[in-house]
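In structure tokens, the next block holds one chain alone, the form predicted on its own.
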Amino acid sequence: MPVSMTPLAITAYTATSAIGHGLTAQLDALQHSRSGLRPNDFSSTPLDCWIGRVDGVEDTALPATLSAWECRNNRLAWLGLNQDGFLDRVQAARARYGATRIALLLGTSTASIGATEEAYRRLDADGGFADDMLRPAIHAPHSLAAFVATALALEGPCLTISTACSSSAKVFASAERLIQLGLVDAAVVGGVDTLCDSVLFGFNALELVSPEPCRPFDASRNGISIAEAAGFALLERIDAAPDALQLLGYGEASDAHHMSTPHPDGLGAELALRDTLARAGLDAAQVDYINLHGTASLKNDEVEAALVSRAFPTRTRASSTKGFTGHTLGAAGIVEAAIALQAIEHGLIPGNLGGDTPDPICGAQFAWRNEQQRVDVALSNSFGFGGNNACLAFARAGFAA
């Protein structure tokens, strides 16, 4: 079992998704049970489904100094970075520690593949990319992290993590290791994924996309709603900000059961959960709220609901928030971490939007409607394809396990 870790301070965080730009908009949507899902108006050819599309991405312009990075994914990243004073907080950390002492760790599942799709749709007469698409940096898996490193003027370790839906949860774990080893003094973590044909038609080919708004943990659920989002957080040593929210622990596991189906007993997910509690020095009874992975696919929800029922007391509250945001893929970890942090800050347990007819497998832990209560400790689950599982534990300032 892992040894307890020293908590890290979360000195800034932000999220932008289909329910709005920044934390104020996100909280308002959660409080009023307002979904951001809409009928698909994005794909290059019709596809009958609902999506979580971020308003304003098309109208966002990169600064002239960053124009070489122009693509929809980086525009969404830039839109996200400009919320909640996040740029100023990173600038202050850079002045405090130095540009080489801040790591940048970002999760994504597709990076800027949407730009590459566009380039192939607009091949010139010779079969090559159009002149305006001849920018190799945006046709690469590392394009997001390289863009954000340039935008934030960071020169420390820079890493792209792409483990499907757990990508931007696993960045917290990598950040803790880098800080604990003394390689850096702080880390910017997060994730961005934009809508593109590859994910819309790819998930549809797997028969995982619902023709209606997704319904996590509903008895009649029939698939996911693909979405996009951007989110970021700044992590520092706890002594730098003792009054900040805390990252208490993390757990990672790979069950390697199937390319797109979880282990039937949730083995990898349970290993990640156990490691999180051990590293955070927590007992399951101390967890007040769990933001579930809850994609509204048949098997994933079944396995996760069973895990919650056997691992937590009935007082622990649990819900999926993908009925609000949709499944933001590589950005899901950071968006749902932000929701867990807001649950702590505002005492809000978001209801499991879309679960109008609860699946009987769901236990008494499930919050089907919004609840207001004190939250000291919140978990966030991210379980990706291939059995890439991650779990994060957060706590309010001053919490002692």
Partner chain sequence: MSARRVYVEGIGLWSPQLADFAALRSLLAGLMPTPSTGRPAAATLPPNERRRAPESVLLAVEVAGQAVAMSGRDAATLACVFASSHGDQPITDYMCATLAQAPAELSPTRFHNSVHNAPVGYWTIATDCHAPSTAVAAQRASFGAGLLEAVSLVLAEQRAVLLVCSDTAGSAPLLEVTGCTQSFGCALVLAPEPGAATIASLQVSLTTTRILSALPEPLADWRDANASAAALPLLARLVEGRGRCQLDAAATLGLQIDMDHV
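No experiment lies behind these values; they were computed from the predicted model shown. Positions refer to the first chain, counted from 1.
What comes next is about the form predicted together with the partner chain, which does not appear here.
Think of it this way: in the predicted bound form, the partner chain has a heavy atom of just one of Leu195, Val287, Ala253, Cys71 within 4.5 Å, and the residue is Ala253. Of the candidates Leu282, Leu307, Ala241, Ala164, Ala164 is the one whose heavy atoms come within 4.5 Å of the partner chain in the predicted bound form; the others do not.
In the predicted bound form, at least one heavy atom of Gly202 sits within 4.5 Å of the partner chain.
Although the partner is absent here, Leu134 lies within 4.5 Å of the partner chain in the predicted bound form, judged by heavy atoms. Not displayed here, the partner chain is kept clear of Thr14 by more than 4.5 Å at the level of heavy atoms in the predicted bound form.
Contact annotation for Arg121: at least one heavy atom lies within 4.5 Å of the partner chain in the predicted bound form. Partner contacts here mean any heavy atom within 4.5 Å of the partner chain in the predicted bound form, and among 319-327, 214-222, 80-88, 135-143 they occur only in 135-143. Judged against the partner chain in the predicted bound form with a 4.5 angstroms heavy atom cut-off, the residues Asn40, Thr276 and Ala338 are out of contact without exception. Residues of 161-189 that come within 4.5 Å of the partner chain in the predicted bound form, judged by any heavy atom, are Ile161, Ser162, Thr163, Ala164, Lys170, Ser174, Arg177, Leu178, Gln180, Leu181, Gly182, Leu183 in sequence order.
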